[in-house]
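Given as structure tokens, the chain that follows is alone and in the form predicted alone.
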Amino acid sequence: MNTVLVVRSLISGIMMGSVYALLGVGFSLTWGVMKVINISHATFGLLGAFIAYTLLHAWSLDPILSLALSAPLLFFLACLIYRFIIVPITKAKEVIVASMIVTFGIAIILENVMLLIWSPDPRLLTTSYTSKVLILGPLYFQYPRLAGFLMSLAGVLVIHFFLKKTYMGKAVRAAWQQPDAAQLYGVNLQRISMITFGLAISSAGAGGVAMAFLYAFEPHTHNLWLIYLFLVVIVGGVGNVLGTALAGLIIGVITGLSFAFLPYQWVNLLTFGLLMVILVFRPQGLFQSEV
């Protein structure tokens, strides 16, 4: 067995998995805190990637710096969607089913808007450092992959710090664990849910930019991303930020190693076979909820 190939595949999988983690944490939060399965989550991530692509080509703004514009924009858009679309469906008898149907509609609308604005052609984030490589002995690291990895790592840590160390984050955790008791202590559940939804969508935008550093994207790409979102959240446990991060790394490593040693058509079989095994033997996920 080629040791260098194994190490390279392992590192590639870790970088890939970190991006899955950043995309997944917001999806996990809205599912855990609000009981809303947001099918459009990956679509907002893709929208963040397209915004970064546009700002890069229009103003030569680095994709990472573009988050200073796209994250607040997505947060504001998410708050509007929450206020006028999500709040009414939270009163439905089956909130999860209703949320899946409604957010699927949002995903279709956003996909068609992106098709109209950016066309169905695949796009790639091409920056001044796209072709640069960091070489450490037999290992090499492409700068865009490093940027996506570091951005994802920072994003997950920021969300974890927010939930653990800030008053608002503790209120989010209280709303998830004991909503009635939280209300008695003055926690406004509607406000907390809106902030959670906005934070989730903003993190999706950042995850979309990180994913665009790794792969080409077009308006239909969110469908593939959504599959991995479900996989990461189910493996990591709904509402568990660090569990989702670890699940992203696990799935990334498995996928990276699989690409190195298995034919392409076997990779998805192995990955989703893992999901089936976990659902059978540990349907609550590998890690307990921490929110």
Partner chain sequence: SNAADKPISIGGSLPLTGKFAETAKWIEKGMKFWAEEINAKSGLLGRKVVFKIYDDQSNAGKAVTFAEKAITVDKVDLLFGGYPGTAARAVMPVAEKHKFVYVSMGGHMKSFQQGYTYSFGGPPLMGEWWYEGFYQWLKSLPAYQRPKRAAVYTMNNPIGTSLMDSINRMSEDLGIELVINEKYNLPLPDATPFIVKAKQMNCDLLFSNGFFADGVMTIRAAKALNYNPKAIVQGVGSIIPAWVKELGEDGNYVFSGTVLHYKLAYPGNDKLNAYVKEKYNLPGYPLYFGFGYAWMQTLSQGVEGANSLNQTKIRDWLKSNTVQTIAGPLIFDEKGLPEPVNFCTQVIDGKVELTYPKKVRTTKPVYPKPAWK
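Residue numbers count along the first chain shown, from 1. Keep in mind it's a predicted model, so treat the numbers as computed, not measured. Take the two forms, find the largest set of C-alpha atoms that superpose within 1.5 Å, and that set is the rigid core.
A second form of this protein, the form predicted in complex with its partner chain, is not displayed here; the remarks below concern that form.
- Partner contacts here mean any heavy atom within 4.5 Å of its partner chain in the predicted bound form, and among 201-209, 68-76, 106-114, 149-157 they occur only in 106-114.
- Under a 4.5 angstroms non-hydrogen atom cutoff, its partner chain in the predicted bound form has L224 among its neighbouring residues.
- For the chain shown alone, Q265 is a contact residue for its partner chain in the predicted bound form, at least one non-hydrogen atom being within 4.5 angstroms.
- Proximity of Y53 to its partner chain in the predicted bound form falls within the 4.5 Å heavy atom cutoff.
- Heavy atoms of S18 never reach within 4.5 Å of its partner chain in the predicted bound form, leaving it off the interface.
- Residues from 219-242 that approach its partner chain in the predicted bound form with a non-hydrogen atom closer than or equal to 4.5 Å are H220, L224, Y228, in the order they occur in the chain.
- Core-superposed comparison between this form and the one not shown: CA of L69 displaced by less than 2 Å.
- If you fit the rigid core between this form and the one not shown, you'll see the Cα of F261 move by 2 angstroms or more.
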